[in-house]
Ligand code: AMP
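Take a look at this one chain, the form predicted alone, written out in structure tokens.
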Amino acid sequence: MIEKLRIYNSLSGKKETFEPIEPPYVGMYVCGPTVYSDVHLGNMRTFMSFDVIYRYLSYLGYKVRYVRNITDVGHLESDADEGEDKISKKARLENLEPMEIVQRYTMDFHRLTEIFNMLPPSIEPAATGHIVEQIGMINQLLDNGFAYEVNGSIYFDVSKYNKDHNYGKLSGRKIEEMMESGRDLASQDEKHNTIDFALWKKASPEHIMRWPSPWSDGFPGWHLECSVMGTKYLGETFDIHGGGLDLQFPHHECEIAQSVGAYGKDPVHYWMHTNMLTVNGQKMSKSLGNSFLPHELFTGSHPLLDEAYSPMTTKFFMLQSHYSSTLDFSNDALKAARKGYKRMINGLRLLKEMEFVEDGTAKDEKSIEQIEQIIRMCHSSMNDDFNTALTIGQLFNLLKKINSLHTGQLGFDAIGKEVFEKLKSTYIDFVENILALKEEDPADFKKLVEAMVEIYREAKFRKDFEQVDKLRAGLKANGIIVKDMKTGIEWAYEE
């Protein structure tokens, strides 16, 4: 059964009950990477968040077509349609073909998504593969009177569009203020108004990436590609469009204008945006020297880091905060996240090995109701705008019950087989299949630990306590603790 959920819609500024256009089918588009440099953590947070959303919608029974594009036509250094193309610039500096740059960073991005255990999208279109469609949409905007040509370049006429529509309704900006702030640059610009944006730019002689069009040899505007690919694969109106908060204006605002101008209808029902990252309370930026690339976290090579933090620790840290809230990086927060991640994975490992055993304990209605309530809260937390932070809190409540079953404080018969199986499937589904957390150690690591624990067990049986202490210390130094339980000797990841 498909459950109702509520999504915060950036367009309306409130949470709305999610109602797909054609249930159970859902169309979701997320702005993908611009492949001219390493993908930074802020971008990865966006892709990670929408991976969880994709997984949860699928878990609920929706048939999701998830489209995430690759921006490989280049990207000008300024959003004001000025400056050098970033892919061309890097290609020229490294004496490479632009598509070599694109291929390198696309592959690096895909490796990162695998490291963070993300699912591939249903479709991953590249902007260079849709030049014909982009020219077609420009022609439609020209025919409808919302675009004009100047010296082989095509611009969207924002003022004309705004006469009957609301340019700024997504970001809350006022067109009068935008026009006033750009008035000083008007004499230097070939556009009718500084707030107009490029649909097609005539390429300068040194511009490497160019395609023929009815107007000039040039390249499409950045905003156009998403409108075109979203329409091609999801229709003129689809369910969800996502990206980072920094894309709300101008990128997403321009997408709305383009689609309304071309097709006469809003392109998206639910606009969703992930928030920015900060470091020790400061905005993360290259100029401040406090921005992290993922590999710097994994190796601990950044000067602001005390040590290295694994991919799953990083992912757990990010999921502990709601996607729309600001997330602050610090060593203390990352260390706490590592403890939490290991606790959760220890529970997963225990539960996978746990089977229901009749033990003759009396039925415990209170424990049954507590478990049922926690399970309901896991779902209701995710149904409340995909709140992974609250969901993780509920999973830790469920983990307490798992540990009680493991230690014998709570009997299996006390909760019954049906409730146990429900607890087991819920925890595994949410940890592995929705949050997509996994054990990071290679398969042979467990065998090594088990062998060491067996030696520890034998040393203890011989009462060789010096050897016992050495083994315990050696295992602890590698993040493993040995537990002397009533039922035998066990090991766990150190929290």
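All values reported here derive from a predicted model rather than from experimental measurement. A residue's number is simply how far along the shown sequence it sits, counting from 1.
The protein also exists as the form predicted in complex with the named molecule; that form is not presented, and the subsequent description refers to it.
Exactly one of the stretches 34 to 42, 446 to 454, 464 to 472, 422 to 430 approaches the named molecule in the predicted complex with heavy atoms within 4.5 Å, and it is 34 to 42. Annotation: in the predicted complex, residues Thr46, Leu247 and Met284 each come within 4.5 Å of the named molecule through at least one heavy atom. Only one of the listed residues (Thr128, Asn275, Ser381, Ser213) places a non-hydrogen atom within 4.5 angstroms of the named molecule in the predicted complex, and that residue is Asn275.
This chain appears without its partner; in the predicted complex, the one residue of Pro121, Gly168, Gly243, Gly218 with a heavy atom within 4.5 Å of the named molecule is Gly243.
Not displayed here, the named molecule is kept clear of Lys401 by more than 4.5 Å at the level of heavy atoms in the predicted complex. Contact check for His75: a non-hydrogen atom falls within 4.5 Å of the named molecule in the predicted complex.
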